[in-house]
Every structure is written in structure tokens, then in C-alpha cells.
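Read the single chain below, which is given as C-alpha cells and is the form predicted on its own.
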């Protein structure tokens, strides 16, 4: 086995690793042998000399992200094995194969696929790779080679998109670009609906793949309703609502670029359909002046809290946002409301929404409790991976 730098933990600090939690926090470390650079591979040992893990070291409160809890050489064979296991799971979910009904899914979901710090989304024949750690950034070419080996003819392009997700203090420069192929193929399919994906300039990897099943549920409720899709981004919920026979659909986002892509996606599926209008506007301002015109509202804001030190402000934001929706939605209306902030627990989010409901004084019932789909698996030893929370509420 290849020799790596050693990280020695303080006494009684190995319990979480023995339970296979993949994060080693800086406060648990007693000493480090050698001087590993951020992104280097290190071995982690307990205070008695017991081997615990091998992983990528990094600067910050999370000091090491564990890749393996048994001695392992992190080489081409390792990447191929882990990606094969991730791909086999997606085959089990019947998401692979580029069929006519669906060619869009998450292939690798960080800790959920035992590859902490790595995200790969598939859009037709293009894989969009995103690194959240310097270690995964350093391994990007080896990972790309493994993706080609595992996916074969299903894969034509790999686009690397990590400029916004890598630690800014690492000062790595902008490395975004194609690692393989280069053909621009921007029409993807999800549950039979088509959409453009801007993986070069768009948010995240270009589309929010994690809302696929929740969008399908919205379609079920849309018939005959006046729908407001707040924070619409590229319009995913909007064109599902239209296929669900909504009476009208209004899409709102503060980004004019997102609104442009929303209009393109709606036109791709429903050309010249007068039911849809999109607005580039601030969400809170739009909600405040919108009147009581909607009986189905979607609130899917960007993460209000990315760190625990802003959690309180984030919960206040969720309360305010939902309170306005409860006040304005028509009687018999349905509210789809979400949080994608990992640091906001399911209980905290529910409490924020419940407080908003109580403030409105309206009778509210829970119809569904939502989460991320199966191609965003949660490692049972890493409950923090359950980041997407959602409620479907009936408002009298």
C-alpha cells in the first residue's frame, strides 16, 4: 500500500470513525506526521496506533474526508470501483441508458456514494463534475478516466465545473472546462419533458436534479390551478405544472438569465402557450404585492444557510417567506415549500413553517413530507447528507 502522511487523533476521538462517519474534525487531531498540503491523502490513526481511515486532508473545521475505512491505495482502480458501485445503484433505480423518457440523473452524490467532496450529474451524454474539496479537484483527471471506463458509449462529454464550490482560500484559479469530449449537448429529458441545461454558466451543475420526483408530484396537483413558481431558476416546476393542465403558471426569479432560460424551457415543451408568464423580480417584493391570485404556490429558495453561524437568520427567512404565502394563497390552496440548506434540520424547517402557519391563523394540513430522490442517497452513517426538506400543505 502507498505510504501517506499520518494524522493521529486525540484519545477517545475515534468513536465517530468507528461508526464510519466520513468527517474528521480539526479539534479531534492530536498531531500530524509530516506536512501534508491541502488535498493530499493522509492516513488516520487512533491514539493507540489503530488504523482508522485514509482520506483527503483539508483546511477548516473538517480536516479530513475519509475515502476508505480499510487500508487502501487511492489509484485508478479505486476510482473505477467506487464509480462502478454508484453506477450500479442508478441502474437499479432504472435511471441509466439515455432512454426517451429520462436521461438526467445524479451519478455520484458525495458522501452518499462514499466519495465525499465529489458530485457528478448526468445530462444525456454529458457528465458535469463538481469538486467540493481540493483532494477531489486534484484527482479530477483520474476520476474522468474512470467515468469513461465505467460509462462507455453512454458518455460523450465530461465538463468540470468547480470554480464556485472549491474552498476559495485554496487559490486554485479557474479550472472549469471540458475534461473529455467537448460537444455542446444542452437538451436533456426528465420524465418526458425537455429542458436546456447551461452547465457552463448556470447554478450548481446547471439544473436541480434533486427535485425530479417532487416536480412530478406537483404535476399531479396542478390541474385547473393558478400556479406561482417562486425562485423558479430554469422553470422545472413550471413546465411540470403546465403538463399537469394548470390554468396559468407564473414563474419568478431575481435572475434575468434564469428567466430567459425558463422561457426557453417552457417554449421547448409548450410553444406559444399563453398560460405562462415569467417575471425577473425580487421574491419578497413580488410576494408582498401579488394579491390573492394563486391557489398553488411553490417556494424553493436557494440555501438560506450554508453555515451554522447564520442558522438563526435563515430560519427567520423561512418563517417570513412562508408567512407571506400563507397570507396570500387562496382558500383550498396547496403550498409546496422547501429548504435545501444542509445545516437546517428537518425539525427546524418544520418549526419555521409551522410558526408561519400559526401567524397566518389559517387551518393548514400536511399532505406530503418530501426529501431528495434515490439518486441522491444518504449514507446511513452520515445523516447530514439528508439536505433537502419539503412539505406539501393544504391551506383552508
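Residue numbers count along the first chain shown, from 1. The model shown is predicted, which means the values in this text are computed figures rather than measured ones.
Below, we turn to the form predicted in complex with ligand SAH, even though it does not appear here.
Checked against ligand SAH in the predicted complex, the residues 167, 202, 301, 244 give one hit for a heavy atom within 4.5 Å, which is 301. Between the options 281, 219, 145, 198, the residue in contact with ligand SAH in the predicted complex by a heavy atom within 4.5 angstroms is 281. In the predicted complex, no heavy atom of residue 226 sits within 4.5 Å of ligand SAH. Residue 211 belongs to the set of residues with a heavy atom inside 4.5 Å of ligand SAH in the predicted complex. Mapping the unseen interface onto this chain, residue 231 counts among the residues with a heavy atom inside 4.5 Å of ligand SAH in the predicted complex. Ligand SAH in the predicted complex comes within 4.5 Å of a heavy atom belonging to residue 215. In short, of 233-241, 137-145, 82-90, 322-330 it is 233-241 that has heavy atoms within 4.5 Å of ligand SAH in the predicted complex. Residues of 117-147 include none with a non-hydrogen atom no more than 4.5 angstroms from ligand SAH in the predicted complex.
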